[in-house]
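As structure tokens, one chain now follows by itself in the form predicted alone.
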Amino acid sequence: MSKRTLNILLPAITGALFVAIWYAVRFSMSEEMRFLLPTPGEIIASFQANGTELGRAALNTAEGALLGFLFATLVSSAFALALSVSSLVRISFYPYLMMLQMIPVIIFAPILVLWVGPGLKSVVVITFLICFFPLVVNTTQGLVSTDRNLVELFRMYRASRPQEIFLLRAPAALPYFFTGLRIAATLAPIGALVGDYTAGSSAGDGGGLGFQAIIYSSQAKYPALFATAAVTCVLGFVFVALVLSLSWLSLHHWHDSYERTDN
């Protein structure tokens, strides 16, 4: 059996097993408690019934996630370049980066609403806060982990500091950068969902999936809640797939991980 066939068959078998366990757990529950775990069929039916609402909410959440993700990518790249210049700079700023990562977003959300207002702006800031740390840490690690022999070669030929950074360190850091980008791509929809839930607004049909989850929860529409979770998962897969595609385009010609995959 070919590797490609196994790559399709094994996930399909695992998925079928998961659905079978799902149904088994559902029907092992008492009649009064089964509403807490809708069947996949009920979730699909709920998605069809609420497709327009979920589609609009998904677009709003995607907008907040994308803007926060892009903003975090740009700021973290600039920050990583600054941190890679000197160990003294890294020592000075790294504790504050850790502090930024440890900000309790749910508690900070009401403050953001006061500062920038509810809705998209707050969602973007929350997504930025969640995505920023893995990006800046991974990119910085890549920039400072360049092969010392190559660095010495550049310096022996009297390359300028910008040449060393942009012609040697930045290309060598790309695998690290894309690792951080994959992590951030996974977190971005979650960050936007949390932002919708804690600081979102439905003004002008601007409510996202988190805001929609609040509505479904208050109405005890549990299949719709599961459908909302499924849409969020799909959104995350789209983000990660785009990053993986960009990573492949950038690295597959020269990076060892892709060469080993091809072999």
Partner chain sequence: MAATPIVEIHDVSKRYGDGPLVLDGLRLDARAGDFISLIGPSGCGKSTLLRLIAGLSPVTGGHLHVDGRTPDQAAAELAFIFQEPTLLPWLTIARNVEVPLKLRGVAAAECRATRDRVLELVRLGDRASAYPRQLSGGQKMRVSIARALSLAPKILLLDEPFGALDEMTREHLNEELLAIRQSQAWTAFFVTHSVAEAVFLSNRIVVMSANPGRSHTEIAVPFAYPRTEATRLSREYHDLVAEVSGLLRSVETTPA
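Positions refer to the first chain, counted from 1. In this text, all values refer to a predicted model and were calculated from it rather than measured experimentally.
One more form of this protein exists, namely the form predicted in complex with the partner chain; it is left out here, but the text below deals with it.
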- Query: Candidate spot L153, L167 and A172, all three in 4.5 Å heavy atom range of the partner chain in the model of the complex?
  - Reply: yes
- Query: With the cut-off set at 4.5 Å between non-hydrogen atoms, does A159 touch the partner chain in the model of the complex?
  - Reply: yes
- Query: Do N149 and the partner chain share at least one heavy atom pair within 4.5 Å in the model of the complex?
  - Reply: yes
- Answer with yes or no whether W254 is in contact with the partner chain in the model of the complex, where contact means some heavy atom within 4.5 Å. yes
- Task: Although the partner chain is absent from this view, report whether S86 comes within 4.5 Å of it in the model of the complex, heavy atoms only.
- Result: no
- Query: Which of 125-133, 181-189, 92-100, 159-167 has heavy atoms within 4.5 Å of the partner chain in the model of the complex?
  - Reply: 159-167
